[in-house]
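Next up is one chain by itself, shown in structure tokens, the form predicted alone.
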């Protein structure tokens, strides 16, 4: 009990938590405006005819109604930023953002998952207890201290992202072959003056090994008072370089600014003081709210549950066939395996009438966007989803050809898929012999996937 009190419930300054609220709310606001202004709502969530949803029943709103969750997210981001109707704003942001994320696997990114987790945590953290509109609006006393777990859980979440990203890089493709960086860096070989360096093997290997060591060690250096400032310089340089070289959106900036929570209250006090007159609380309460033991029990159990889930999800692939993880991708999502794959695939689908043996070839572009085709062609669960969709489309349908029209009454969906992984020669991924509508996508190994040949 004494140890738990010391580790989780000891009082600490609220300033890092308040600073995190302002920073994260600002990033969410910028991201929402960016998404709306670039026309991505129309492109990604209105134009597609089919969506590779994560959960059955969670589907896009009709037409321009899809702008609603983005506008709600923008509104919630403002509420988080200013600490206005904070709890409702955090809940609104979490539901809106997570709903958008679950609509289509095509758009999945690790940093979207990270944002959902942080928004979920913010619902339960008293980040509006100081320096907020809620203080002014409700004339509440402001707290200057909070239990250490309220800040520690955010540090833990950031550390999980880094550390498991480093663990994932301990593989032969990344360390022994510098793949896929060797492929991606070739795109810059025509740059004046420095282009020749990007064509060299040693630079790809240097980036690969540095990235692995960086991810594995940076959380520990950020936790240490002696090394924190130097570590943060590496954070800035590392993420700016990745932002310049690779199309990974705002993720580098999210990590750069979110990592500031590792700094002590004295650091945050300096910049918060510059804007404090805008949100000066009416009263400052130096007393702390005591937490009853029953409440501490609940908090402790909830933290244990959350931490266990966050540690188990990235490790779930090791309970299956982890040696071919990059091939079958079972356990890839929600596990912080960032920028480890370069897969190119070509999938040809066929609809065969089991009754008459008539067969037609499907034009994927008739049903999917270009980005959806690219993502689907290398990921087994998306291939299975598309096959099921084609089964529904062609079941008891009339096919028009130049020669004749005929009806398909018993469709069988087949696909011939070839995939190249991290620069290897293209090899068979799924054979045309399988009737995909009959296959089940479960946690068990998929026997309908062709075996992986690791040879280069």
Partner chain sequence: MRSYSWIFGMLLLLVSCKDKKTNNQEDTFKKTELLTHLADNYILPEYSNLQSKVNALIASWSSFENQPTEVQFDTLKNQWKSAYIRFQFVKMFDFGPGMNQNLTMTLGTFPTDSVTIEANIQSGSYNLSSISNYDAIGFPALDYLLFKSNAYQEITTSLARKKYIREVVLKMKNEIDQTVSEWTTYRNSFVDGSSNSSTSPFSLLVNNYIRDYEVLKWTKLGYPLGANTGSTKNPNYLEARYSGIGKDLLSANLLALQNVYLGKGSNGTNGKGFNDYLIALGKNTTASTLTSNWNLFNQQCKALNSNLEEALTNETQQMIDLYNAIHNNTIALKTDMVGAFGVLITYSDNDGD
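As the structure is a prediction and not an experimental result, all values here were calculated from the model. Numbering follows the first chain given and starts at 1.
In what follows, reference is made to the form predicted together with the partner chain, a form of this protein that is not presented.
For residue 108, a non-hydrogen atom is located within 4.5 Å of the partner chain in the model of the complex, even though that partner is not displayed.
When the partner chain is considered in the model of the complex, residue 308 lies well away from it, no heavy atom lying within 4.5 Å. Residue 414 falls outside the set of residues with a heavy atom inside 4.5 Å of the partner chain in the model of the complex. For residue 71, no non-hydrogen atom is located within 4.5 Å of the partner chain in the model of the complex, even though that partner is not displayed. The candidate stretches are 152-160, 90-98, 257-265, 108-116, and the one lying within 4.5 Å of the partner chain in the model of the complex by heavy atoms is 108-116. Of the residues 75, 123, 362, 81, just one reaches the partner chain in the model of the complex with a heavy atom at 4.5 Å or closer; this is 362.
The single contact residue among 223, 354, 237, 187, judged by any heavy atom lying within 4.5 Å of the partner chain in the model of the complex, is 187. Contacts with the partner chain in the model of the complex, taken as any heavy atom within 4.5 Å, map within 326-345 to 337, 338, 339, 340, 341, 342, 344, 345.
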